[in-house]
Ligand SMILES: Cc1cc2nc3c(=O)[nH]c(=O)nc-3n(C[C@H](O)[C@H](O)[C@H](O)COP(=O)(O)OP(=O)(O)OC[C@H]3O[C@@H](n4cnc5c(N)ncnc54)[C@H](O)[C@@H]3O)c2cc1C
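The data below hold one chain only, encoded as structure tokens and taken in the form predicted alone.
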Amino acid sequence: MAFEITRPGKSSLIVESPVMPMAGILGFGDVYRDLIQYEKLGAFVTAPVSYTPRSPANGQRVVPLDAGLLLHTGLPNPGISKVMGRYRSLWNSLPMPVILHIVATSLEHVRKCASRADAENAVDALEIGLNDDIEPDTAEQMIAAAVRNTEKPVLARIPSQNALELARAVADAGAGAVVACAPPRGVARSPLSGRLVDGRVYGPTIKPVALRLVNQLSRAIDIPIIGAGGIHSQQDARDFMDAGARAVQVDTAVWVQPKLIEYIARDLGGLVVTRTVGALPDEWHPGMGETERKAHEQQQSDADDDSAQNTPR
């Protein structure tokens, strides 16, 4: 099955599953490879990349919340040139399209990053991460600069604030899709230091807000919407699709249960194995795919053969 997740055109992005990680959740692709079958995903969204290097945030970076966490990283990365040099070969080897997430630090940096990425075969699309306090006219200029400097699809990840005006602005600028939305910012007191920490908020309570935005945007603009925020189950992802999303991005739930993103991908792609009548608890689990089922059956068959060979005659 194929899913077109950007507006139609010669550079439209078509994927085999409408499920992908949110920027930063799986790093640059060199982590979680032993825990997640990347080929089950529709696309790989990289960790945020800037034109120049960025250092990690100082102080405490993670504050636990009652239903989620607050995260403050500073978006550390060595800059686009070093990122490409370090991960180009890896991205070329991945069995799905790679979407490079670019931090929109300035108009000139967006232009340079788009031009740099346009020359890379390892990159299939760009996702421009817009600042939380950005104005619609500036957002339009940022996306237009990216679109002018690459032939690859350009996705715009917008904040939840002023989302409708921003979505209209980036659509007018030529964005191929809108990612709605970036994790909201918040402040929480650290139980370790006692200080207030500013960062982005993640968790299941974000879902109702993001779901409402997706529903509003899907009725207001005519380009695809990629839903993101608070997806912690297969049903959560289906809710976003029902609200009008063309695809979804899964965030920190992957850190708690890495396989969950695979289960969501199978579910939305119609690839979940139905439980056989009489199956024992160790023969099936929610989200099981055909490959896993066959491997389990082969393992059981091998065990039965070994048992038969060792039975005294």
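Numbering starts at 1 and follows the sequence shown. What you are looking at is a predicted structure, and each value in this text was computed from that prediction instead of being measured.
Beyond what is shown, the protein has a form predicted together with this ligand; the following relates to that form.
- Scanning 206, 83, 223, 197 against this ligand in the predicted bound form with a 4.5 Å heavy atom cut-off leaves one residue, 197.
- Among the residues 149, 160, 77, 215, the one placing a heavy atom within 4.5 Å of this ligand in the predicted bound form is 215.
- Looking at residue 57, you'd find a heavy atom of it within 4.5 angstroms of this ligand in the predicted bound form.
- Contact annotation for residue 119: none of its heavy atoms lies within 4.5 Å of this ligand in the predicted bound form.
- Mapping the unseen interface onto this chain, residue 243 counts among the residues with a heavy atom inside 4.5 Å of this ligand in the predicted bound form.
- Shown alone here, residue 187 lies within 4.5 Å of this ligand in the predicted bound form, counting heavy atoms only.
- The stretch that touches this ligand in the predicted bound form, counting heavy atoms within 4.5 Å, is 187 to 195, out of 119 to 127, 187 to 195, 228 to 236, 171 to 179.
- Applying a 4.5 Å heavy atom cutoff to this ligand in the predicted bound form picks out no residue from 6 to 42.
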